[in-house]
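In structure tokens, one chain follows: the form predicted on its own.
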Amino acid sequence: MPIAPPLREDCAALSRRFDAAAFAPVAGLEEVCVRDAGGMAAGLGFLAARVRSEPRLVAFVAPRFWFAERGRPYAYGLRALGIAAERLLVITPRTEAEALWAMEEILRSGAASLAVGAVESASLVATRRLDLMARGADAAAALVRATPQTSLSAARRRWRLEPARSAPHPFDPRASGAPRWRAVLERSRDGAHGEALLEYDDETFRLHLVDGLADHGLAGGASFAA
């Protein structure tokens, strides 16, 4: 499996002209590209932190071999991101084709506010169907991938995510603080591009743009509801 290059190698080539609104969840399909298992956790955390506060389910769909290699989502960790265990639906089909079908069905039902699929290969037709289903249900859908994507896609945004060093702990310098992710918006329907360092606040259930990135075209301290 080819390995994606580190994010910092090509961030300088991106235009930085989007703001915090670019991180707000929208109805439709997105793609989140990561490098490895650690990046996969960062990608899932990023998506979970942006889930809208509502009673509908959050569905995670992945082929069985995916769980054998990476394990299942950690319910306690998701609760810290604002997703209660009773809202989490985990679906384990045999193949990626079945995973795409399961995502379509859960979106068609209207029962989920977010459907995430760990699917490496999806055709333009498949991504267009997911986008239409998600928008019809006023829901978000996302494909999380660990391989570079070169095929055409109907996704409205394509992100690259990697974990970043956590924030300093306010009371214990030896402990980890708030989780952080480095996010690069590579492509979006509105033409926005850019890079940001994001921090999650588990008291307000909000993501924040970290101060000190003014040179990346993003106002420090901006935040938005997850």
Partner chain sequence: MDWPITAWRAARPSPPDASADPTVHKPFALVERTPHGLILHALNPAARALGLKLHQSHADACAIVPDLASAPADPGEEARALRRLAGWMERYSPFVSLDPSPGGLEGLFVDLTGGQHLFGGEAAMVRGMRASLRRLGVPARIGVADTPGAAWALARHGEAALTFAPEGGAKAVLAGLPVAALRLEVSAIQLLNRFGLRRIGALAALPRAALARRFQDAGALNVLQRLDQALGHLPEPLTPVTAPTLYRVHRVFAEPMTSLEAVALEAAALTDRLALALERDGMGARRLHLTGFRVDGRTTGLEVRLAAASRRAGHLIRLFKDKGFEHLDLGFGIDGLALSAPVTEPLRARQTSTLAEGDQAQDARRDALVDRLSARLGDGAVLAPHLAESWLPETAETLGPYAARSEAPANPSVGPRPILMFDPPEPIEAVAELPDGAPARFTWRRAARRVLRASGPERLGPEWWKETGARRPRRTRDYYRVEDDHGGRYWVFREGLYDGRDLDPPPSWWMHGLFP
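Positions refer to the first chain, counted from 1. All figures in this text were calculated on a predicted structure; none of them were measured in a lab.
The discussion below concerns the form predicted in complex with the partner chain, not included here.
| Is there a heavy atom of residue 105 lying 4.5 Å or less from a heavy atom of the partner chain in the predicted bound form? | Yes - in the predicted bound form, heavy atoms of residue 105 and the partner chain come within 4.5 Å of each other.
| task | Report yes if any heavy atom of residue 159 sits within 4.5 Å of a heavy atom of the partner chain in the predicted bound form; otherwise report no. | result | Residue 159: no contact with the partner chain in the predicted bound form.
| said: Is residue 109 near the partner chain? Define near as a heavy atom within 4.5 Å, in the predicted bound form. | reply: Yes, residue 109 lies within 4.5 Å of the partner chain in the predicted bound form.
| message | How about residue 120 - does it come within 4.5 Å of the partner chain in the predicted bound form, if we only consider non-hydrogen atoms? | response | No - in the predicted bound form, heavy atoms of residue 120 and the partner chain never come within 4.5 Å of each other.
| request: Find the only residue in 133, 81, 126, 155 having a heavy atom within 4.5 Å of the partner chain in the predicted bound form. | output: Only one option qualifies, and that one is 81.
| said: Quick check on this chain: which one of 28, 194, 63, 45 has a heavy atom within 4.5 Å of the partner chain in the predicted bound form? | reply: Flagged contact: 45.
| Contacts with the partner chain in the predicted bound form, stretch 85-106 (heavy atom within 4.5 Å) | Residues within 4.5 Å: 85, 88, 89, 90, 91, 92, 93, 94, 98, 101, 102, 105, 106.
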